[in-house]
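Take a look at this one chain, the form predicted alone, written out in structure tokens.
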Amino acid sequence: MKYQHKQIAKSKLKSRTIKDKAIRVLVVLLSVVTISPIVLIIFKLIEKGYKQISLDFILKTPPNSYEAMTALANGELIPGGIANGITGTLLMMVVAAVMAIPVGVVTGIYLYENPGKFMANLTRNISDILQGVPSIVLGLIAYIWVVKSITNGYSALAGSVSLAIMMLPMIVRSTEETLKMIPVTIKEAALALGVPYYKVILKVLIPTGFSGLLTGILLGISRVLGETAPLMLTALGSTIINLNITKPTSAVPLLIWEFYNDPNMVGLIWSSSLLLMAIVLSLNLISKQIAARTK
């Protein structure tokens, strides 16, 4: 009888071991299938775009179609670069961050402090809805609000407004979720010591959850960094380096779109895409490192 029980136990153990190995192999295969597209994209961008990457590519503005065609005919690299796109992207990102970060963090704090109130629930739902709105719609809203009513023309400010609206939902929700992870006892201890409410927020909650807040902000920035559609309706683009927020300006995604429409600029498409991907990838890796340290 004992021998039979041992045999049954060994049989069950063997069956479970086989199932475990099969599931492990399946998980590995599905993981490889999941990451293979991004690996292939990165490989293709590096293969096609690394030749144009140089100091001139970062410091100079794009050539005209004739200069690019002449260079290709002579078997040379396309001259010029995307300096106007880099400066325009940085300008709009800074202005958008200045608008979105304070509003997003304050709204997230409000949602955390008032979880069951009608206005908080309404704000949370609107934030979730806003996160799913197509970027072209947000660009159209910025066009109506800023381009037609404030600057009376395309501008970096209009582009920044559209990007700020896109960043807001992620900053709001990440702020709320980060504050929820902070032990309530920390807040209660500060209040018990007689610390004013606004100081509890500024001196206790925000510093304690700073890493999580910064992660949400970086993810929000990387989310909008490659957007093209809203900028086509707001910033329009510029062939020169522009640092005036009331004037049309370029951006790396806009330049990629412009290069796509010119067959002589194909080489710059790959290089611009490679640079943009490297920036977005760096921001995501930084945010993951910050999140890991927070945990």
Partner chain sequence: MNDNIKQIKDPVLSIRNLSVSYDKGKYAVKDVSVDIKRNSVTAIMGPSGCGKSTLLRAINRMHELYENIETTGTLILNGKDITNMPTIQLRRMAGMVFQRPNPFPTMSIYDNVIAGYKLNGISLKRSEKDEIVERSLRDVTLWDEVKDTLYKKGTFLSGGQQQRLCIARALAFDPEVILLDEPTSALDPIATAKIEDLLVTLKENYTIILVTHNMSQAARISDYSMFMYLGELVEYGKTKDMFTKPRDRRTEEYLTGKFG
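Positions refer to the first chain, counted from 1. As the structure is a prediction and not an experimental result, all values here were calculated from the model.
Another form exists, predicted together with the partner chain; not displayed. Remarks below refer to it.
For the candidate set Leu218, Ile101, Met93, Val204, a heavy atom within 4.5 Å of the partner chain in the predicted bound form is found for exactly one residue, namely Val204. When the partner chain is considered in the predicted bound form, Ala83 lies well away from it, no heavy atom lying within 4.5 Å. Although the partner is absent here, Ala73 lies well away from the partner chain in the predicted bound form, with no heavy atom inside 4.5 Å. Among heavy atoms of Pro79, none comes within 4.5 Å of the partner chain in the predicted bound form. Proximity of Lys117 to the partner chain in the predicted bound form: non-hydrogen atoms within 4.5 Å are present. With the partner omitted here, the stretch from 171 to 179, 148 to 156, 84 to 92, 190 to 198 that lies within 4.5 Å of the partner chain by heavy atoms in the predicted bound form is 190 to 198.
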